[in-house]
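Encoded as structure tokens, the following chain is the form predicted alone, with no partner shown.
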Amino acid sequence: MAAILLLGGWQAMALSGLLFRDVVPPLGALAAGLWNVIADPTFWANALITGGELLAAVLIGGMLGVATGLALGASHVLSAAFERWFTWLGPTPKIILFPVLILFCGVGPASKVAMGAVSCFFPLVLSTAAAVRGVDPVLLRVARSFRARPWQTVLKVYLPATVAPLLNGVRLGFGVALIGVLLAETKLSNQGVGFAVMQAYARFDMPRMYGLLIVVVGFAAAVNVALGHAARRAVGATSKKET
């Protein structure tokens, strides 16, 4: 129902004449623009580049974020000393760091990966630290009774007990990493989906620009739904084990 209302409102706005005709193209032109995007090999080449940058950003930022969150959550000393800084820096728009990242990483794909990784890092630090502090103390006492080493406690206790919160943190981290990579591509790049969006805008090819945005939104929504489903399954599996 919501989709019908949205499409109907869009078509009404396109036909109303209140805005310049190409700013809000009718649904037919929008569908044609979307099809042209999907059928264009150049788009898939740009999507492959952006996908590679995004994957690297999520892996780097995610692993560093989870490791840092585990350390903060497991250590009261580290949490008291450093966690407030992550809380303060987390909401800061990471795009302001892009000039610094260019200085360190250059103007190539590395700076886009760094932008995404920095964006992904902070949500995962905070969500992981909170999840670790919620682990049942009984599990930790059992691990200590078996003289488990720190890495064994992480692998056998912390990670299995926090898999659902971690997946939710990855959902948030993925979203902001995608924003970071695309923003970086719009600022300084000659390839990638962000660059393609700016090229369509510069040519005032609104159907193609909207088609690109629809593909990006659809991709982000699909990944978000998949991660949400995985998180719910993890919660269900944990509940079954407890019963």
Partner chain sequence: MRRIAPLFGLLAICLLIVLLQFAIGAGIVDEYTVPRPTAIAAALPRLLAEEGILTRFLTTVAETFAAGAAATLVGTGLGAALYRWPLMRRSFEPWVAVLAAAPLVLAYPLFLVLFGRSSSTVVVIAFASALPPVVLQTVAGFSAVRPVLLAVGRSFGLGRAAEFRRVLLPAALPSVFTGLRLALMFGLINVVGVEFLINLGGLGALINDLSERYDLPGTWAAIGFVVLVSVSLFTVLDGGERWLQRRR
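Numbering follows the first chain given and starts at 1. From a predicted model like this one, the values you see are computed outputs, not experimental measurements.
Quick note: we don't show the form predicted in complex with its partner chain, though the next part is all about it.
Contact annotation for the candidate site: His76, Phe104 and Asn224 all lie close to its partner chain in the predicted complex (heavy atom within 4.5 Å).
Though its partner chain is absent from this view, in the predicted complex it lies within 4.5 Å of a heavy atom of just one residue from Leu27, Ala67, Leu213, Leu55, which is Leu213. This chain is displayed alone, yet in the predicted complex one of Met198, Ala47, Ala32, Met63 has a heavy atom within 4.5 Å of its partner chain; that residue is Met198. Although the partner is absent here, Ala230 sits far enough away that none of its heavy atoms falls within 4.5 Å of its partner chain in the predicted complex. Contact annotation: Ala71 falls outside 4.5 Å of its partner chain in the predicted complex, judged by heavy atom distances. Although the partner is absent from this view, Val100 contacts its partner chain in the predicted complex, with a non-hydrogen atom inside 4.5 angstroms. Although the partner is absent here, Leu89 sits close enough that one of its heavy atoms falls within 4.5 Å of its partner chain in the predicted complex. Within 4.5 angstroms of its partner chain in the predicted complex, the stretch 202-220 places a non-hydrogen atom from each of Phe204, Met206, Met209, Tyr210, Leu213, Val216, Val217, Ala220, taken in sequence order.
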